[in-house]
Ligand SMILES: Cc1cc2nc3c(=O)[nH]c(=O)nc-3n(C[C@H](O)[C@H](O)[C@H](O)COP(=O)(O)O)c2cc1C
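Encoded as structure tokens, the following chain is the form predicted alone, with no partner shown.
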């Protein structure tokens, strides 16, 4: 008689999972690396790994229907004659015209204005729709200098010098030829239909001393009126923050690796930089060590999704947050209503990230005149404003539960961590203990 072992369930490798195998096959078939948009998709320590400690006896909560909880923030008060005053500490990150359609950029401006906050130009220059519908507009000054001119610098309400971003710190960007329309080509002084790559570093400086000179130059051009931001990818947040402050920045923006991008190598997105959560405390510490915390404002971005994320970030010491991917979703990106169209592209709503190809069914990350008509900038702007309103209300609810009459009164003592990693990164105790990993040598 022959005995056979009972069959076992096939076991797949955790290292060589289905996606990794498909990437190996794709690379072997094409000989080129993969390019995509969005941010890191791997699971990383994030704000979900922190919990807020509401008040009970030791602290007294505020009544949400009767007691005020302030949300306003002032950005750029260090040197600028005209600092920015926002009603909420949630701003819209830089996303370029070229990467996004004109109606999408207009919708971002409309939504930000309705909410009393700012939006940002991104690479590629300032459009008239964006300037016209944005009460507060931040002008990004990037290595490419696409569309940069003194007139628009003066028309902006603040200037953000982009040294790097979270999805690709140390790396440049790209805009494929199919998105270089006549208008995009004119604004960027490029040939129509030809692939374009943005440089990974500014052409006229090699270090912080040069950055200081550039900041002074921009202040002179704008008569010292505009706040000057410096944005860096979340790689070395302590030193980058310190050097930005010493170079004269009014505001420092730190973008973690969950931050999105229009297009870059996936190997970059998933393997370079640090999680947003890991960047905050070192940046705050740098400001504190220089005696500049709250004097130079700190904005963080990368994976901010809801009011709880906002409250937790502010509790860790930042002054405001910035959203990009979430704002696009609020406008209508990756909407299941276009599922059939996403399927035709070989993807699905919620996973679509080939923004660089210019075929976005939602009409947001495209220059296709037919697809762009799917975006109603007025309706999309209202959706964005609704989303920002909900985020703000959620953050206020959490702050009041902690007994705080301002979002900016939240503090690390209001937080605990669910994992050792998050506790170490955020510098708050592991839940149920008073232990902060890495503190005092432990």
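Since the model is a prediction, treat every value here as computed from it, not as a measurement. Positions refer to the first chain, counted from 1.
Another form, the form predicted together with the named molecule, is not on view; read the next lines as being about it.
- Heavy atoms within 4.5 Å of the named molecule in the predicted complex are found in exactly one of 285-293, 160-168, 211-219, 130-138, that being 160-168.
- Proximity to the named molecule in the predicted complex, defined as a heavy atom within 4.5 Å, holds among 323, 175, 320, 84 only for 323.
- Put simply, of 109, 237, 94, 227 only one has a heavy atom within 4.5 Å of the named molecule in the predicted complex, and it is 94.
- For the candidate spot formed by 76, 116 and 251, no residue has a non-hydrogen atom within 4.5 angstroms of the named molecule in the predicted complex.
- Residue contact with the named molecule in the predicted complex: residue 355 places a heavy atom within 4.5 Å of it.
- Residue contact with the named molecule in the predicted complex: residue 362 places no heavy atom within 4.5 Å of it.
- The shortest heavy atom separation between residue 279 and the named molecule in the predicted complex exceeds 4.5 Å.
- In the predicted complex, the named molecule stays beyond 4.5 Å of every heavy atom belonging to residue 312.
- Contact annotation for 239-264: residues with any non-hydrogen atom within 4.5 angstroms of the named molecule in the predicted complex are 255, 258, 259, 260, 261, 262, listed in sequence order.
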